[in-house]
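Shown next are two forms of a single protein chain, provided one at a time as structure tokens under the names structure 1 and structure 2.
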Structure 1
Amino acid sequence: MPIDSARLEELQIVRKIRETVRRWWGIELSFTDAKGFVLDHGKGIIIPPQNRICTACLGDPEGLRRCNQSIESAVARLNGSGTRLLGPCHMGLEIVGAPIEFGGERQGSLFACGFLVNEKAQAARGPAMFETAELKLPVVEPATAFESIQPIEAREVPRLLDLMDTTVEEIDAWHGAVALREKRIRDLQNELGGRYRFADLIGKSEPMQRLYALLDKLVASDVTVLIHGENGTGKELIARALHFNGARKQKQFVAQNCSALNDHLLESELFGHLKGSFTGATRDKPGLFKVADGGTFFLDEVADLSPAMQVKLLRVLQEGTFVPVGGTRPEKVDVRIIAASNKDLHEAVVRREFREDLFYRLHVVALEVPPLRERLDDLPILVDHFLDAYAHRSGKRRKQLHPELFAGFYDWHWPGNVRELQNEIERLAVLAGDAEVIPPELSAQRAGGRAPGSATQLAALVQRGLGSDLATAVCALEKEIIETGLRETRNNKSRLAERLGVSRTTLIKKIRDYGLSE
């Protein structure tokens, strides 16, 4: 904590000693920072010692510069010997200083200047001072100016030093007390609030605290991690946090969604291929495992790997080797594997859709990411975070949610988890235009409530004026249900059609009619 003269001056003891020194000897106590810059001068506050020489000198730009220079080099001479006289300033007047140190480091100093000690006064006497200084100061009469300097009796000097020592001791004690108090506040905050983030992950609820504690242990190791959680809970964010906070952060983090490509493409994507290995393979292409060498490979939707690809992945995990498409020689890589799935991989093993040996290789450490509805305590902090992010990105003023709108968030079951919340905040912020408080009316389209399709919800839709008649409101509700269903099934139309009890063709037609893009 650097010294702050404004705070120091508020200290009773500093005020008192300052007054005493001013009254007895007509001099000012001031502070410098660690580099020796006069704190008050830096703020444009110039209080000269009560004599004409210092007054004239500090009123002149060149005089002020030289005064500061004198003090800077004088306090630089302060060392372990504590408070002492530091020799003359550029005008031949005395400077006395005391170092201020906290935690074994110089934080600044306390000093006084612009006086003479009796016997030295003789030596420096007279207009000679002005000549040596070569300053053109608007002083009428050098001799009378000199008369205005109050000499301090030599026997009084130890008293001045004593007073300065006491001041520094008080500052030291005060600093110790403040540091202790601040530490206490920090400790209390930690005890009360816990951590509210780990890398880019936001949340301070119990389940998130448990997750952070586990992540703390995992960043330092190379173990394979299997992350399980619903859509939008932050699985990829966790994988990134593990990589970018660990020893591999200088190397690549590569993510591949295993359900996005067919086997043939996925194999060539992961392991690379040799020129001519298939039509269109016009040159050698390194696979993503090669790219991730030394880094981390994030295998998303790992439950969707075909049996053939499961075997190949097992080999990477067991031996650290793979064979590029069209190649014969295995290549070796050193990658940390983090896999994620929103399906229960153990169940897939039981159903014989997933190899047991691969499951155990991936499952060295399993991380369960809690869905948002089980940690609604995190809503305020997440909402704040996304509102901040929107304000930052859009360059607009930071908005707030109307309390009624925010209260409704606690009633929703957030099937799309944090991603859904993020999209919702973005949508609300855009629709709110220039309004600083996002009004509750905007929640209308979000068909709030825990049970989509309930009668109350339908009534609410009609009431909120989504449509002027029942037919329009029913359409709006149908659209909402399909939209949510698509998100929940990750656009699996056959599954959604089955769930909604309509044919796939009907569903596709409705998706088109409502303009719901994938």
Structure 2
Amino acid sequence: MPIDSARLEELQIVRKIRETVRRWWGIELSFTDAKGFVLDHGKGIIIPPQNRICTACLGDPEGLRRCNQSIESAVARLNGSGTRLLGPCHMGLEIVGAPIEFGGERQGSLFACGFLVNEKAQAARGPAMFETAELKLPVVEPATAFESIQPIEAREVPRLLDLMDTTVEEIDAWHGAVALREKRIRDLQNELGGRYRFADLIGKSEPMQRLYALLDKLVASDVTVLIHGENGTGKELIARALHFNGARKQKQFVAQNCSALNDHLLESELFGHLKGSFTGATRDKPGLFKVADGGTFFLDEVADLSPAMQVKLLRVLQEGTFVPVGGTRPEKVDVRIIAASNKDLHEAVVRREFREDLFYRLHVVALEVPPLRERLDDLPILVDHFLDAYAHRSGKRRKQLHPELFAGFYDWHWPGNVRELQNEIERLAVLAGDAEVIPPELSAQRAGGRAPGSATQLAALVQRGLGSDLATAVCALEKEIIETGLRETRNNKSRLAERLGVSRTTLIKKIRDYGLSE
């Protein structure tokens, strides 16, 4: 993997040591590729050491060529590890370099040149003067230009070598961290492509693994499926996964919420109607069952069907036929039915609110979708997915959650399940503006993100006898929340007021009322 000098130069250790070397000895640290070519020079960036000879030489085309040639030759002499002096350049000035290796292979080097070791200064004067004259460099007085080179005492050379060694070690550690992160990303992508994903379903928790295993068995069949789960758990996603991974994927997938329409409208929507069958029926209209012929029909919230509509649906399941509104002849369709409900249909049968024969027709195979609070292991992967989706949709840079904000997600009950999590991520991403890391303060509207936990706290306070009635218990809870918040924010009332969703004036008054001023 070739080194990326732009990314390396952003590392704090590289910036700090480069500034130190420049300040102490007036020389520049730079990078080469594996063959010794100076990477900055390839970008048209030339930053000479702080002496007039190197400045003039690098500003001359022939001088720049000879300089690069000297560095390539010097870097070629690097072997093994560690920084060392590599001998003089074409101007007689010193070059020091260190190899940069990833995966056991040379990827480039870190080097500095254009300086003199004090004890060798006189020996270098001749070659420098000769080269300056031969290149006809625009140096008015070569001798004066030579004096502008800041010599390094021999005892300081080990210090320079140590600084460069440290830089290379940090670069190696950084590259190792990047390689590990990229490997984790690849592993995650592989897992998402395998058992962490089924169509648009995402999760790695044990409940999701069991769900995937059952879905694997169902995609190849036409069996009727009943999906039970709370709102926001992804029941329609499961229905779509069964359809688009099965033999009917080339045909229509149709979805209808059975609680969205009254009986008359729903019957017309499901079975269609003939022209003139009722006021406003100005033309024939095919129903959704006809549209879904050969494909899959997803009936959501099927528990809300009226008894009359339950009878009509039972006929489709038993015989594959239906009669449009205003019609007399039955029409036949081949449709796979997938039904869903957030209510317990078995209990509805017991209460005689749902037909038992229809229940068993729908309940051929039952799928239970776990709520998010029972699969918190999936939070990291779901959060990453929704952050990626928002970044892709908005065309903005991908954001990250502050660790404190993300930790609060594990304390939340998630009554709206995955849909609530998706909406929360989008809300946070929008409110964060241009911030790359979404701060924890943006979760303030939840009063700390622990609403269900607050109810538990309230019950605990009442049980502990802190309140003989509800009002007293609420006051005790409010006092405890404010006291805890003052400790967590180190008495920062503005920050705590924002977190609790109240004004600073209101907070200060409550602090005073509860005797928490100290």
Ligand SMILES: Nc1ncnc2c1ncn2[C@@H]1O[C@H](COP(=O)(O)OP(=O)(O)OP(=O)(O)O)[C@@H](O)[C@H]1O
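Each form is matched to the other, and the largest set of C-alpha atoms that superpose within 1.5 Å is called the rigid core. Counting starts at 1 and follows the sequence of structure 1. Nothing here was measured: the structure is a model prediction, and the numbers come from that model.
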Identity of the form predicted on its own among structures 1 and 2: 2
Is_shifted P380 between the two structures (CA, 2 Å cut-off, rigid core): no
Flag for A407, CA shift 2 Å or larger between the two structures after aligning core: no
Threshold 2 Å Cα movement between the two structures at G433, rigid core reference: no
Rigid-core-fitted C-alpha displacement of S70 between the two structures (angstrom): 36.7
